[in-house]
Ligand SMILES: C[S@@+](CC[C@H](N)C(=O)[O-])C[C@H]1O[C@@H](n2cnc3c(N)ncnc32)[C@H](O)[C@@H]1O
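A single chain, nothing else alongside it, follows as structure tokens in the form predicted alone.
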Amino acid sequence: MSALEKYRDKWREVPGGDDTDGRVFSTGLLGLPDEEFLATWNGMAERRASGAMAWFGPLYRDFFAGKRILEIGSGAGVDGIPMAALGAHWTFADIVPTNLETIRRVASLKGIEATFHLIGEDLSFDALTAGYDAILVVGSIHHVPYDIARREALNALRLLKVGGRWIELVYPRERWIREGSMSFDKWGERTDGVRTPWVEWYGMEKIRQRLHPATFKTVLDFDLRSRDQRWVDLEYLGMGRDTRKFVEIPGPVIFEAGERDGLNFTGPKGAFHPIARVDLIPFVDALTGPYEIDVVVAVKHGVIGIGLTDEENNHLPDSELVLDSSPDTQTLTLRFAGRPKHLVFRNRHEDRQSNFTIQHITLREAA
């Protein structure tokens, strides 16, 4: 079986309109005679345009008109076909051949011109010509693991103009926590039904990390459907070259409580219980403040806080960021104008132990 086969098998199942309208199989749609096929598809598109995504058309139709748009994970085309009918030069890209056949048939019956691209095992978009004004990703590539999504996104990004837009709908971390913080394969079945191999949460920082080293300016970032979904619209500024000085920090680690095996820590339960500190003083003098500290950590159990102390070793509560356990590695950035002394790891749950692994720490000059 190919790496994408289980995803193709699932995503020939396309939304029947709004998220509450269930799903249909593109193979089933293609078996209908033209008149019934088009009537069925029109009903799907009408439900889409009047449901939870009703704002999409009024918000973007003028912006998309006359521009080249690449849609990744286009399903049955219920977002793109109406935009193409209004003058957008639309490219539908999908991993499922029958989805593209469905959209091609709709476009032909409606007399709409469009471009089609089947995403293959290499996740390449090389068959397409660069110069797109926007890339639209509506709830699609968050359904594959991060490493696959990153390769696919960076391959597509080569086609986007500087000044173009990366627009994406994702499921936010708040929803994942609210629904049980389960593994991403199990969460996929909860969010999108049986046979869903995967769904992974994203927020703004995680999207930017996935698209790194590209740089962006935020245009829109807002929640949908009671924080079940998140809409992100970014202006592409180009591939960045970070000229700021930085230092990779190997330690030293000052162990305070619990158990330690290398950089894997188990902290005792109790809110604010200190577990470990990392001494930053040996590295600060090589840089010019203010400072940013990137921490890559895998929190396997419990809840931890990661914060800073100042030169007098006073804890800075406003600097602290709190992380819940997660099946994926998490990256966070702390910022501090003064000279930090210690990077501090604390247990933050009254009744739960924590277990986490520090994977990487980078101290850099802030932008």
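Only a predicted model underlies this, so the values are computations on that prediction, with no experimental measurement involved. Numbering starts at 1 and runs along the sequence shown.
Below: the form predicted together with the named molecule, not depicted.
In terms of contact with the named molecule in the predicted complex, the residue from D233, E292, D192, E256 that brings a heavy atom within 4.5 Å is D192. With the partner omitted from this view, the residue of A88, I207, I141, V278 that lies near the named molecule in the predicted complex is I141 [heavy atom within 4.5 Å]. Taking non-hydrogen atoms only, F356 never approaches the named molecule to within 4.5 angstroms in the predicted complex. At a distance threshold of 4.5 angstroms between non-hydrogen atoms, V14 is in contact with the named molecule in the predicted complex.
Using a 4.5 angstroms limit between non-hydrogen atoms, R68 is distant from the named molecule in the predicted complex.
In the predicted complex, the named molecule stays beyond 4.5 Å of every heavy atom belonging to R348. Heavy atoms within 4.5 Å of the named molecule in the predicted complex are found in one stretch of 265-273, 217-225, 72-80, 159-167, which is 72-80.
The partner is not shown here, but in the predicted complex the stretch 103-120 reaches within 4.5 angstroms of the named molecule through a heavy atom at I119 alone.
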